[in-house]
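Take a look at this one chain, the form predicted alone, written out in structure tokens.
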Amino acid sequence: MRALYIGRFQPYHNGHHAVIKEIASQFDEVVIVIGSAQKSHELDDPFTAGERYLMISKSLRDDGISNYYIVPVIDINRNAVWVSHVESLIPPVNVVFTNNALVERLFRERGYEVRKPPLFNRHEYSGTEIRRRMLAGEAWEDLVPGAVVEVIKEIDGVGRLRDLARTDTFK
């Protein structure tokens, strides 16, 4: 059986990693969709789809997980046909894992079994919290797999985020 897990992964963190490890242990294959793949260089979406792909694939490889596919999917901004759009880009799946109410509803309406993955320390394992810590100069590295730290350092992701947070207004 094949499962689907969808996220923005801005950045990929230990919560995502724990969920995917759990799904990968229960299913033959996991299809990981990088949502909003067209977005990057924004405060809420600082990393490119390729960078997110590296974060995920290197983290899973480091843990010896190989039963997955990663598929970047751009937004089409039409909820009524979004599931069809995703279906056109991925192999067939049996189960969808999501905690997003809209994603859950859209896939259920198309007849999919939808399960809620467990949440792992959701307060800290949150892209919003990790980006906040990066901007504030606080420790964030312990909230992501080591491979993610390496990718973010390689691309100067913290510097990018800080540049994005600057304004051109005078006070």
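Residue numbers here begin at 1 and follow the sequence given. Here the structure is a predicted model, which means the values were calculated and not measured.
Heads up, the form predicted in complex with adenosine-5'-triphosphate (ATP) isn't pictured, but that's what we're talking about next.
- Residue contact check for residue 164: none of its heavy atoms lie within 4.5 Å of adenosine-5'-triphosphate (ATP) in the predicted complex.
- In the predicted complex, at least one heavy atom of residue 127 sits within 4.5 Å of adenosine-5'-triphosphate (ATP).
- adenosine-5'-triphosphate (ATP) in the predicted complex comes within 4.5 Å of no heavy atom belonging to residue 2.
- Looking at residue 99, you'd find a heavy atom of it within 4.5 angstroms of adenosine-5'-triphosphate (ATP) in the predicted complex.
- For adenosine-5'-triphosphate (ATP) in the predicted complex, the listed stretch (134-142, 24-32, 65-73, 115-123) containing residues with heavy atoms inside 4.5 Å is 115-123.
- Contacts between stretch 14-30 and adenosine-5'-triphosphate (ATP), counted in the predicted complex as any heavy atom lying within 4.5 Å, involve 15, 16, 19, listed in sequence order.
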